[in-house]
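One chain follows as structure tokens, the form predicted alone.
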């Protein structure tokens, strides 16, 4: 059985741990430039504030419902995430850290799953203050389904074990909510009158393979109860994106190149983390679509790599080359990003038939392993590439960001005892 532990409204929950006055009140967390909503408490969701929304569009609603807004505090979130994952490690089960607020546990032997889940839930809440929902099922995809319903069932735990219970939950689940099915695929399935996850499982295998590919068929097998995904195996990773809206619009090519290089660096580390390589890379940039007096500009350029790679210097070089193809003088860019796709496993990548083997490939791999190890040990961007420009660390001018309560001696919380 797979057990998925999902921290509820993680960023907002972390803030509420250190500011109890924010508990049970609407709270939203903003992006680095404080222009976009990236996390919400359940109370903020209840008043109708959507995920990913521009802050200015919901300013009136925020004022009306007295919603607290805080800038994101990723050092604090990262440290609290490590504490949660350390607690899970103490249970001595096979563990896969899926994201900053989610982790899978794999249980081979038959035991009291509900009792184990309750103990995990209780210990995480007691030791960190973070509430979690837990889904238990025979496959990773079904564990995701179980966790979706666990968030609203009161106890925060759902066990999907027998076929009748699995069927009842799948009949209630919109097909677009299935792990690995995005917006476009949902629309395609809806056009074939497939509205729920259960209806998808009733389609025959050949139809699913034709409409959703082999990856989609594997997802359906998982929904039917046949485990196809092991721990540390990605469900349907086809691409990885890194992008950002800028606080100050950028008109200089050199400055924009530094941003793009930083995105490519992050993507390289993510690829290596999952043992993947990419065969194509795309850089895109756009101006501010909300400026009515200036023409909106948006463009992208794709580059095919000779051989799939996760070597960061190569990714940076190609991303910058792609940027130069679309950059326009005189345009002020508000947003930019890098997308890598055509992902394959590093051990099974297809080499170029006409290129000679790279004698430096082993050294490059060792270099990246050392680079990743240093940044993991000393913190992100402790070591970075010159192409990224000078990165100022630990300088934060935000007036709405909480303190680094667990990572800085100068910002430890103090308690005043009244007489």
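Just so we're on the same page, rigid core means the largest C-alpha set that superposes within 1.5 Å between forms. Everything numeric in this text was worked out from a predicted model, so none of it was measured. Positions refer to the first chain, counted from 1.
Another form, the form predicted together with the DNA, is not on view; read the next lines as being about it.
Among the residues 86, 325, 171, 289, the one placing a heavy atom within 4.5 Å of the DNA in the predicted complex is 289. When the DNA is considered in the predicted complex, only one residue from 126, 155, 239, 190 comes within 4.5 Å through any heavy atom, namely 239.
Looking at 316 to 324, 110 to 118, 251 to 259, 94 to 102, the stretch with residues near the DNA in the predicted complex, meaning non-hydrogen atoms within 4.5 angstroms, turns out to be 94 to 102.
In the predicted complex, residue 275 stays away from the DNA, with no heavy atom inside 4.5 Å. Under a 4.5 angstroms non-hydrogen atom cutoff, the DNA in the predicted complex has residue 36 among its neighbouring residues. The shortest heavy atom separation between residue 180 and the DNA in the predicted complex is within 4.5 Å. Using a 4.5 Å cutoff between non-hydrogen atoms, residue 31 counts as a contact of the DNA in the predicted complex. Residues of 214 to 230 lying near the DNA in the predicted complex, listed in sequence order, are 214, 215, 218, the criterion being any heavy atom within 4.5 Å. After superposing the rigid core, the Cα of residue 304 is displaced by 2 Å or more between the shown form and the other one. Superposition on the rigid core between the shown form and the other one places the CA atom of residue 221 less than 2 Å from its counterpart. Core-aligned CA deviation for residue 342 between the shown form and the other one: 2 Å or greater. Note on residue 297 and residue 185: their C-alpha atoms are nearer in the predicted complex, a change of at least 3 Å from this conformation.
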